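What follows is one chain in structure tokens, specifically the form predicted on its own.
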């Protein structure tokens, strides 16, 4: 996939520059050690104009991720949000994926950086996991031990774990992986949170070994509006066998249903599941449709 061309503009340290003309230092700490943080954000064309969904929450998490892993953060989030809208405007993007990245200056030691940079770019990108129901497998890779890293930080280096899990799944003929934690409880997908439906309720793993996503929080909000009980609960692989349906959620993936997990095939018609109701309502929400909470 081509993410930019000769005319693409990005934001770098307060300036709007041609992406093809920018450079990075090959001695940067982020390049050598995966020491950086990023966000994934979406913009949508709505009847109210182009809207960046939950921009404030995403940039606040960018700041929080830096603080969690000791990366200095002296940026003004309101200015970064304004820059995001400018990037969409100058690149003529309407429905787009946005990637802010905080990366570190040259530093070959294992200490916090003295200087950091911030970049924001955007491109056209459909739903990350597609729009069809997914064939999923339990990964042989586990989520990192929460005592080894700050798993709640959206840090660049953490995604080596995600790449390994997704690559393994695709090599085996699956669409995506589902990772367990160090206790063999269900954690999340490589780039999305996990929900399952059972007895008229939705359940999702609690914080601890997961990245508590902004879309995950939105599912809770939608559930409250629609009267769908949504709970955090420690889930095991055995819980999958008694579930009626399941789905992944994340900014890149949005809401996507799961057809099967290993040998468990969900027989419920997806359109009749709680996940499908959440999916339809989420789409209405991000598009700012009137009375989205009752358009299900």
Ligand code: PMP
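As the structure is a prediction and not an experimental result, all values here were calculated from the model. Positions refer to the first chain, counted from 1.
The same protein has a further form, the form predicted in complex with this ligand, not shown here; the description that follows concerns it.
Peer 1: Give a yes/no on whether residue 192 approaches this ligand to within 4.5 Å in the model of the complex, heavy atoms considered.
Peer 2: Residue-level check for residue 192: yes, a contact with this ligand.
Peer 1: Against this ligand in the model of the complex, would residue 213 count as a contact residue? Criterion: heavy atoms within 4.5 Å.
Peer 2: Yes, residue 213 sits close enough to this ligand in the model of the complex that at least one of its heavy atoms falls within 4.5 Å.
Peer 1: So, in the model of the complex, is residue 249 in contact with this ligand at a 4.5 angstroms heavy atom limit?
Peer 2: Residue 249: contacts this ligand in the model of the complex.
Peer 1: Residue 159: heavy atom within 4.5 Å of this ligand in the model of the complex?
Peer 2: So residue 159 counts as contacting this ligand.
Peer 1: Given that the partner is absent here, state which listed stretch (115 to 123, 78 to 86, 167 to 175, 215 to 223) has heavy atoms within 4.5 Å of this ligand in the model of the complex.
Peer 2: Single hit among the candidates: 215 to 223.
Peer 1: Which residues in 54 to 90 have a heavy atom within 4.5 Å of this ligand in the model of the complex?
Peer 2: The stretch 54 to 90, when checked against this ligand in the model of the complex, contributes 58, 61 at the 4.5 Å heavy-atom cut-off.
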